[in-house]
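Here's a solo chain for you in structure tokens, the form predicted alone.
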Amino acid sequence: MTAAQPSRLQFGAFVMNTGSHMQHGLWRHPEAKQHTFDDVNLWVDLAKTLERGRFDTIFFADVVGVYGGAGASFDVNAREGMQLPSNDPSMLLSALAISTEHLGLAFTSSILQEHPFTFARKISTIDHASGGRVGWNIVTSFLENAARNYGLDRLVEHDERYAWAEEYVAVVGKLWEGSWDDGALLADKASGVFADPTKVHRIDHVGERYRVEGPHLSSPSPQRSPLLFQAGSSGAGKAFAADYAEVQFMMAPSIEAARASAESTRALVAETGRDPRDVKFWQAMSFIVGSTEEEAKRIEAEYDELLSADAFLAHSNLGTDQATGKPIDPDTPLKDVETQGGHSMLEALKALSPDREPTVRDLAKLTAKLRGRVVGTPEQIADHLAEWRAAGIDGINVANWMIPRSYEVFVDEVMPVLQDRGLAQREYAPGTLREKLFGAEPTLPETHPLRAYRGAFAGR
């Protein structure tokens, strides 16, 4: 199965409300400001820059625990600022909503961290405040520490976490899609009727993990359900994406691998009865831009001098035994490393070493390589991105080296070239985030499984 050729690439800014997100060590650069992540003005200014550059979204990654096995030391995490400390990204979105007009506001929230009733209300509130620009990256959390932070004895098995996610998404979907009928909210001063009670319903969900009566306390927001993002590429992750995702993030090691992964997921989407065109695939990349190729390589060398191997190893979550927290022998082959999370990254790391089996010792170098580094002039970068578009990839999730500089350079130097070649939008389309990305209606398409809840609770 091949994908329809997209007319342009979509662009997201891949960030995290922390000091060191992906390119560990770069916070020390004199021009880097990500160490001031506690200051909301950093993010407001960045959002305005991204909107000026016609980015589609700002997307916040997040975790709810530290990397490493059960009880492992987090000395490296703290010393390097490697996602410790970090703040809740959802708390920034209201400020960004009132500071921008078109930029999509996507954030990560795990099924671990918030009851679905509370989370559904939060999403609806932000979607109202932003005029329908919210996206949710659905994650199941793969960190042992995260599980213990929420009262579990151990991390739930990989595939079982996706079963948990199925119920979580069902609960929020019932609240967003089924609790309120269209036209229920009247706010009619003449009749004195604010909402038609015959069109507001309980959902009466009873499942393995949740019992939620309802009704949803928020009336339908412009999108009803947020735009749904998902990043897992294991077998269970792809199956989950085929059912629910509208955008799937990728961190493929090559164009060929990305094409194969996207095509296999599109085939799964078709098997569910959904239109494969209802799922976009965004590849993660980082860019080092120079006015000449030589300048770009000089900047690359400068950045490489600041990279922290210790932080990359900690971020891999593969340097310690997940059950005991003890360090793994650095000469252990990656094929012998057992993990309950990060399966897609582990496979990608192996693919980067076709000539020999990589070991734990190789993790830092391989992880840095995995993160889609593209080095060159704006024209060379545009040539490279054109190849990804031709391969059927719909968007690029732009990781940064420094905030805000990485995005300022991309907006001012790369975006004009992309726009001239038809690879990036010059103006925003009207409407909600879903309408902007898909050119369709503001709410979920009828073939999406959550739409089945619309009208399902009449009479309750």
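All figures in this text were calculated on a predicted structure; none of them were measured in a lab. Note that residue numbering begins at 1 and tracks the sequence as displayed.
What comes next is about the form predicted together with another copy of the chain, which is not displayed.
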Legend entry - Site check Asp38, Asp62 and Asp153: each within 4.5 Å of another copy of the chain in the model of the complex by heavy atom: yes
Legend entry - Options 234-242, 125-133, 158-166, 372-380; stretch whose heavy atom lies within 4.5 Å of another copy of the chain in the model of the complex: 125-133
Legend entry - Residue (of Arg405, Arg52, His29, Arg421) lying close to another copy of the chain in the model of the complex, criterion heavy atoms within 4.5 Å: His29
Inset, instruction - Name the single residue among Glu213, Asp275, Glu101, Asp304 that comes within 4.5 Å of another copy of the chain in the model of the complex, judging by heavy atoms. - result: Glu213
Legend entry - Contact test in the model of the complex: Asp75 vs another copy of the chain, heavy atoms, 4.5 Å: yes
Inset, instruction - Verify the contact flag for Trp180: yes if a non-hydrogen atom of it lies within 4.5 Å of a non-hydrogen atom of another copy of the chain in the model of the complex, no if not. - result: yes
Inset, instruction - Check whether Glu246 has any heavy atom within 4.5 Å of a heavy atom of another copy of the chain in the model of the complex, and answer yes or no. - result: no
Legend entry - Interface membership of Arg148, another copy of the chain in the model of the complex, 4.5 Å heavy atom rule: yes
Legend entry - in the model of the complex, residues of 190-214 near another copy of the chain [heavy atom within 4.5 Å]: Ala190, Ser191, Gly192, Val193, Phe194, Ala195, Pro197, Val200, His201, Arg202, Arg211, Val212, Glu213, Gly214
